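Provided below as structure tokens are two forms of one protein chain, presented individually as structure 1 and structure 2.
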Structure 1
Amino acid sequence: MPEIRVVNFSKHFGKVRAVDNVSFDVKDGEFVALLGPSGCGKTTTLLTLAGIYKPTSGEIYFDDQLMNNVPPKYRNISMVFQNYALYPHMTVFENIAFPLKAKKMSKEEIEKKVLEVTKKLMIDKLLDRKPMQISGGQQQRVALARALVKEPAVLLFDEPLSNLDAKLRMMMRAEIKKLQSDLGITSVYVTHDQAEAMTMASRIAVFSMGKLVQYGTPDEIYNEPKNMFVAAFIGNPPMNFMENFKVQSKDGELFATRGDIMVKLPPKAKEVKFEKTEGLVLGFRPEHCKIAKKEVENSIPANVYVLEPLGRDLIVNLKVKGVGGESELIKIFAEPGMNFEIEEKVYIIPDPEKLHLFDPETEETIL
């Protein structure tokens, strides 16, 4: 299985810079997710890896081979498309056999391989049907079977689960992850669903507007987001932001303050060189807070606005008085067993170890 290296890759369509100077690598057998909102260049990157687009500039390597001008059929890759791209005029069997026929395999061998892979994916009862005659979930499995059957060196996925319902998506998520790790095929997986990327990939490349913003393990992306975009994109509900904080030191400790709000920053903040100490954005995740009913030190006073019970969890929506009079909405996961009333006054206690500070102009992470 090859290692993929993307070096300073750009792809422009006329004036549109779909992908702009992106570099990353995928290790042998690794599962990497390209994550980002709609239109950020994920599909373009994937299609270039597949050899369908040629880079405007930059290089694509599989191991040490430069692949820029190699047509798809010589790349030994498979791809699962978002809408599956099953051939409507062929039966399920013919669809899955199609890549094998390209290899000029014997009839018996093709039959054997198709049966093998369809058994594994539990679609061996559907072989005579046309794609139109099976459900979306089954179509998805056929697309997967077609990709796996030729035992490619590289597997490319373009949002393969986005057309499935939530339950099926969760199931296929686990199944694809298992298949990939069993087979050890180098895989690149495009998605705009952060949960998919977090659960499946060993490393995530976060894209925004054609640029690669951060590339790292799910842990790194979650705990050390490079900027506000990544911080907001990962996690559900996303990270809370509060504007206009000052950094002040008191008794040898650092605090972020705004009016009468004062929260303690972690000790590692002392190692940070602050270029500015005013007008910063404070960020903390909904799951990294506690809610107290009585006033405590280092807390943020707030009023209960709406409750969103999710069965196991309860998301409390709170309003915090902002600087100019308009208030900020904060979402927090409440501890189990707590009850709230609308408009009730409570106090948010963020975990100091998990606090972040951002520069609102560059949106870069300071802490």
Structure 2
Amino acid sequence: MPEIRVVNFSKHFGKVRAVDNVSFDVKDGEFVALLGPSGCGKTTTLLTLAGIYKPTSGEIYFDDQLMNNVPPKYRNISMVFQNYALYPHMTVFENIAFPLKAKKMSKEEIEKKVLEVTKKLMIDKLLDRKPMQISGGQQQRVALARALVKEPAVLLFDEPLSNLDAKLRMMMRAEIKKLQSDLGITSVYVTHDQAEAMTMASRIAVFSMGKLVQYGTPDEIYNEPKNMFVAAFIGNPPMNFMENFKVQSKDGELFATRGDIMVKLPPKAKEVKFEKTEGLVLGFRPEHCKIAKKEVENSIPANVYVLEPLGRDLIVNLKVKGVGGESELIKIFAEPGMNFEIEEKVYIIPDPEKLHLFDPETEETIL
């Protein structure tokens, strides 16, 4: 399977810069997700890998072969689309066999390959049915089987699970991940759903406004976001942000302070050369702190605003008094067994090892 290299790739549509100077690689057999909101450039990048678009500038390589001007039919790729793109008048068998018939393979060989791939996807009992006679999840498996039966070197997914219900999406996430791992096909998966990217991909390319803002493993993206966009986009609920903090030293330790609030920063903060020590944004994830009923050191006073019970978990929405009298809304996962009253005064205790600081102007991480 080829390694994909995208080097200084840009794609412009008139004055619109859909993708702007993006570089990344996909290793042989790796599963990479392109993640970001609508209009960020991820699908444009995928369609350029497929050969449907040509780069305005930059290069696309499969191994060492430059692919910029290679037509799609010579790239040995398969695509799985959001809307399945099945032929309604054909049976499941005929839909899956279609790319093999186009290669003019023998009837016996076509039947053998179709049976092999449909057994892996557990749709071998549906071969005589039409697409409208099977469920959405089964239709997606048919589309996947049609892509796999060609034995492609590269598999491209364009938001393939968007049309499925939540339960089916979770099942298909696991199935696609296992199948890709077993087959070892180099795969690129476009999605706006961070849960899909985090659970399926070995590495994630986070896009925003046509630029690649961070590329790394799910753990790196989650625990070491490079900027506030990534910190807010990854995680559910997203990271909490509190504004206008100062960095101050006390007894050899560094603290983030605002008014009466003093929160200890992680030891790595001592290694940072702070160009700015005031007006900073403090960030922490809902699961990286605790709630206390009594005031303790390194805590932030707050009032209970609303409760969101999720069965196993309870999200407590808290109001913290901000600068100028305005309140900031903070979301925290409560520990099991804790009960709260609306407007009750509590104290947030962030984990110092998990705190983040951001520059409010560049929105880049400081730690």
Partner chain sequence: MAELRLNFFQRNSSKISQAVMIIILVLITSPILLGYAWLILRSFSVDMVHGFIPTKLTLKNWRFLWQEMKGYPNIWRTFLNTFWIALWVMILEALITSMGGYALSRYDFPGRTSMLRFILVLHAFPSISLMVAIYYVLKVIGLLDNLWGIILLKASLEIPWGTWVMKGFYDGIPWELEWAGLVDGYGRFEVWRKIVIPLVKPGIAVTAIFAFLSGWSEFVFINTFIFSQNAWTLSKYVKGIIGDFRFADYGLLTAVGLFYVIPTIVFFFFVNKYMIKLTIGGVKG
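Keep in mind it's a predicted model, so treat the numbers as computed, not measured. If you superpose the two forms and keep the largest set of C-alpha atoms that fall within 1.5 Å, you have the rigid core. By convention here, residues take numbers in order along the sequence of structure 1, the first being 1.
- Only structure 2 of the pair represents the form predicted on its own.
- Relative to the superposed core, Ser106 undergoes a C-alpha shift smaller than 2 Å between structures 1 and 2.
- After superposing the rigid core, the Cα of Gln248 is displaced by less than 2 Å between structures 1 and 2.
- For Val296, the Cα coordinates differ by under 2 angstroms between structures 1 and 2 after the core has been superposed.
- Superposing the two forms on their core, we find that the Cα atom of Leu126 is displaced by 3.1 Å between structures 1 and 2.
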